[in-house]
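Form predicted on its own, single chain, as C-alpha cells, below.
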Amino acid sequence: MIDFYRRDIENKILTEDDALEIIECIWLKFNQIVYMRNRNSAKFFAGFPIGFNIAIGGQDADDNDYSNEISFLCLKAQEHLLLPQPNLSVRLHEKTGDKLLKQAIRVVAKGSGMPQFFNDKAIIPALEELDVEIKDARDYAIVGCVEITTQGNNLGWSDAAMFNLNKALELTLNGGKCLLTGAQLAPNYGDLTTYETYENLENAFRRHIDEFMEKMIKACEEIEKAHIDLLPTPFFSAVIDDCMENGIDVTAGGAKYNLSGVQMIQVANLADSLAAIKKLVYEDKIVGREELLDALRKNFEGHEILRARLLNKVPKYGNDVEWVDSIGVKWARYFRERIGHYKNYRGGRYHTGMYTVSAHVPMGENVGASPDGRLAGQPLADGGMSPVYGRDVTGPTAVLKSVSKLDKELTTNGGLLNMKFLPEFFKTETGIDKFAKFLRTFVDLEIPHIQFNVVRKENLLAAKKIPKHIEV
C-alpha cells in the first residue's frame, strides 16, 4: 500500500494532501475496531486495542535508508489525529537522516506516546542469531506493540506465555509457599532462613525456574495442539510462505519460520530484590535472614524501617550500577539459555522477549511483598526493560547504559523501554537537537526499543478528576 501511494504521488496522480487524507481515513478506521476480550485478558493486554502496527524508516536490502514521502505523511497523520491506533513505529539505524528523526521527535512531543522507536542495529543481528536469513531480518516488521517478526513467512506466536520471575523468587524465599495465600505452589527447597550463602539461594531459585518452565512448555504444547485440531487457518496459510508448498497449515508448522515467544517478567524488580538480599543480608550482614523473611510474610507491617532501608540504601537497576544491572542480566541470560533447550510443537524455536503490555499490573497483584521494598499486590515495573517507577535517579543516559547491558539476543521476541519526559523539553530547537542525540546514542548502544510518555503529572491528575482535553 505504501509503495502504491508513493508511486501515485511521484506520477502526480495523487497530491500529498490527497494521500494524507487517505492515510488519515485509514487511521480513523483502525480506531473503529474493538478487540473483544474478557475482563482478565483486558487487564493483561491494556484494554481492547487491536494492535495494528505501521513501521516507517528502516533499511532496504542494501542497507540504505528507506524513509520516503509516505514516512513523513504517516508522521503528519499521527500529529493531526493523536489517536491510539495504529501503533506507529520508526525504525532507526546509523544512516537515518536528521529530517525524519527530528520530525518524529516533534510528533512524540505532542504526547500521544507515538511514534515509538526500534533499532535496526540491535534487532537485525539478533534475528540472524535466531537463524533468520539476513534478507528476512532486514525486512522485519512489528506485531502489536513491540513484537518482532519477519514478513509473510512466519508464525511467530509472540505471546506464547509470560513467565513471572518474581513469583518464582517469592516461592524460593518462602519454601515454595505463596505469600498471599499460604498455598504450597512449589516444592520446598528451603527458605531464606535456610540458605547459608547467596549461592545456595541462587541454586534454589534456578530449580524453581526450571520446574515452572517445564510446566509452561507443556501448557504451550497443549495450546498449540488445540489450534491444530480446532482452529486451522487456511486463509492465513495461503498467504504465508511454504505452507502451500508443504501442504501444511500454518498452525501445524507449515511456515518458513515457526517461533514461540515468551516474556521474562520483570527483570528490574528481580535485580533490585536480589541486589538487596545480596548486599544487606549476605555481604554487609546488617539484615538477618529471619528478619527479612518475617517482614515479607507480614507485608512489612512492623518492619517499616527495614523497608525504607531496602528502598533507599541499595542501588537500583536503571542507574548504571554495574553489579546491580549484572544481576538482572545474569538471570535473563539463564532464562533464555534454558528455554533454548526446548522446541515448540511445530518444531520451531522458543525465544525470549521483555515486554508486559499491561500485565505488570495483574502479575503484581499476584506477587507478595518483595525484597526490593515493594508491597504485596503492587504493580511490577512497567515496560519490560524499564526500571521500577521512580528508582532511576541518575538521569536518562544512565537508564540507557543499564538497559544496554541486556544483550540484544534476549529480546528477539521484542523488548520495551518506557521513558518519561516533560513537554517543556521539546519547546525549543535546542531541545529537539539534544533529544536527537539521545536517540542516536540509543542506536549506538544497540538497545532494541524505546518509547516516550510526554506529559505532566498535573495534567494526568486533572484529567482523572475531569476527563476533558488539556493542552500540553
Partner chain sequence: MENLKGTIFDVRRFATHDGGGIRTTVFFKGCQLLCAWCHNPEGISTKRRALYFDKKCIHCGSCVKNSKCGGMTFQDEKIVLDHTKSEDWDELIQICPTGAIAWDSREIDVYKLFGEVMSDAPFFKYDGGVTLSGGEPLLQPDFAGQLLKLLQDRGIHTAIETALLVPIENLKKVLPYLNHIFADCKIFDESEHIRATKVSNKLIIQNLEYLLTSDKKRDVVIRTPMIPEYTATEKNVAEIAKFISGIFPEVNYEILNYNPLALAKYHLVGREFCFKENPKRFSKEQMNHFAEIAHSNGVRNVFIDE
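Numbering follows the first chain given and starts at 1. Quick caveat, the model's predicted, so the values are computed rather than measured.
Quick note: we don't show the form predicted in complex with its partner chain, though the next part is all about it.
Stretch-level contact check against its partner chain in the model of the complex with heavy atoms at 4.5 Å: of 423-431, 36-44, 406-414, 51-59, the positive one is 423-431.
In summary, among the residues N344, Q378, T394, T193, the only one with a non-hydrogen atom within 4.5 Å of its partner chain in the model of the complex is T394. This chain is drawn without its partner chain; in the model of the complex, the residue among K278, R309, H227, K76 with a heavy atom within 4.5 Å of it is R309.
Contact check for D320: a heavy atom falls within 4.5 Å of its partner chain in the model of the complex. Interface residue remark: I26 is not counted as part of the site for its partner chain in the model of the complex, having no heavy atom within 4.5 Å. Although the partner is absent from this view, A252 stays clear of its partner chain in the model of the complex, with no non-hydrogen atom inside 4.5 angstroms. At the 4.5 Å threshold, heavy atoms of L400 reach its partner chain in the model of the complex.
The putative spot formed by V143, L293 and E301 is not touched by its partner chain in the model of the complex; no residue has a non-hydrogen atom within 4.5 angstroms of it.
Interface residues of 431-445, taken as those with a heavy atom within 4.5 Å of its partner chain in the model of the complex (partner not displayed): K434, K437, F438, R440, T441, D444, L445, in sequence order.
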